[in-house]
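Have a look below at one chain only, the form predicted on its own, in structure tokens format.
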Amino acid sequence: MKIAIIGSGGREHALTYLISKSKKAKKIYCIPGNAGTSDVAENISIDFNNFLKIKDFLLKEKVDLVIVGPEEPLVNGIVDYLEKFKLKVFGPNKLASQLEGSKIFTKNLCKRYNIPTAKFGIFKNELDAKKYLDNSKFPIVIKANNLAAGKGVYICKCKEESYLAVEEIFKGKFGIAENILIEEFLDGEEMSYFIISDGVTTKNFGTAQDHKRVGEGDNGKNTGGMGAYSPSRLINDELEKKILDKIIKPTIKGINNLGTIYKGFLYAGLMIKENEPYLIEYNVRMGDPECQTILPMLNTDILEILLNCVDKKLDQTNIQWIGKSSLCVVLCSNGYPEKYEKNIEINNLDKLIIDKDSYIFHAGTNKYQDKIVAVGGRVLNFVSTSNNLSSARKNIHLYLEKLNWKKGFYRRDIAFKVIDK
């Protein structure tokens, strides 16, 4: 089979690497890919928002399956567009992708189907938002409605901080803002819960704990994710049943009642308080770095799972796992998530010899004159699977120390609530 994977991050490298192990995969294209994907696939330099060029390429090469990694093309309707040309695509359509594309869409769905979530208000201008904040309890959460690469969420401790957040969002920090979401602060612990759905059957696809803050101890600015571990320490049978019954099933029902189906990965960002789940947000794809953390624990051919999902045969698929834990540490460019240098060479990467239970997934990298250079804020993902998260983290730190990239940094405390408790 010919496979095309759209995207260029760590998530896409992880998908590409696992798919390359499938006997069914004869040729893999990555659009546009990164330095890591080029080792196991052919990178195609097309902007993933250029649907016309992508379609022409896929038809010309007679690609059998398209897998869409990032949220932006999904929210912009790439699945609907490609399916018009009889291409087989893994990922939700434009309407279903509003679960991530519009936080207000999701909040209204929660309200209609009694899905547990934080109390909220929707405001169309600065004046009304600030009036609401004048009478609010703090801390409070303020969110940009549209896509913001995981950074459009403010947790404000006082009125001054909340005013600044409102001003930044309405001034276009995350694109044109027609409205803003303000919601109560939920006190608990976050957890990422994943499912895969073919529109008829839904199956669990693991749990994880992401570390969004740039600094140790979950301090500092929000990022796209500094690392993760899986499975979450919070998951248990009773909690999982509540997540499925109170959150996932009503959401799928709500999408169906809009006259469409949900096909693809769905990632529920949850707040867990006293073993009760509350929905924070949905992502309509695998998370990053959660994908890099979860996929190495899969013991079933990932390509078979994705194909059966597209063909509505997920009920015939037995998804198995290796029964270990996994930990991922993200190596970032100095300065991230603010300004950072680009096109910086990563020395010694080709000299690292890693064991069979470890992986290095590229994110913000390119190949330039036979050198690997950093072009993004999040550069490399170091992953290790083990029966023990502490040994997995020590293993990763050993590799990072051997690499000794002076232009980068990483958090040394990923999974601290489990390992260092």
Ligand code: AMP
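One-based numbering along the sequence shown. Just so we're clear, the structure is a prediction, and the values are computed from it rather than from any experiment.
Just so you know, the form predicted together with adenosine monophosphate (AMP) exists too; it's not on screen, but the next bit is about it.
Novice: Exactly one residue in Y163, Y132, F105, F185 has a non-hydrogen atom within 4.5 Å of adenosine monophosphate (AMP) in the predicted complex; which is it?
Specialist: Exactly one listed residue reaches within 4.5 Å, namely F185.
Novice: Report the residue, out of V141, I115, I235, V75, that has at least one non-hydrogen atom within 4.5 angstroms of adenosine monophosphate (AMP) in the predicted complex.
Specialist: Here the answer is residue option V141.
Novice: Choose one stretch from 298-306, 316-324, 335-343, 153-161: the one whose residues place a heavy atom within 4.5 angstroms of adenosine monophosphate (AMP) in the predicted complex.
Specialist: Selected range: 153-161.
Novice: Determine whether any heavy atom of K263 comes within 4.5 Å of a heavy atom of adenosine monophosphate (AMP) in the predicted complex, and answer yes or no.
Specialist: K263 lies outside the contact set for adenosine monophosphate (AMP).
Novice: Taking the shortest heavy atom distance, is I280 within 4.5 Å of adenosine monophosphate (AMP) in the predicted complex?
Specialist: The answer is yes: I280 has a heavy atom within 4.5 Å of adenosine monophosphate (AMP).
Novice: Please check if M271 has a heavy atom lying within 4.5 Å of any heavy atom of adenosine monophosphate (AMP) in the predicted complex.
Specialist: Yes, M271 is a contact residue.
Novice: Using a 4.5 Å heavy atom cut-off, state whether E190 contacts adenosine monophosphate (AMP) in the predicted complex.
Specialist: Although adenosine monophosphate (AMP) is absent here, E190 would touch it in the predicted complex, with heavy atoms inside 4.5 Å.
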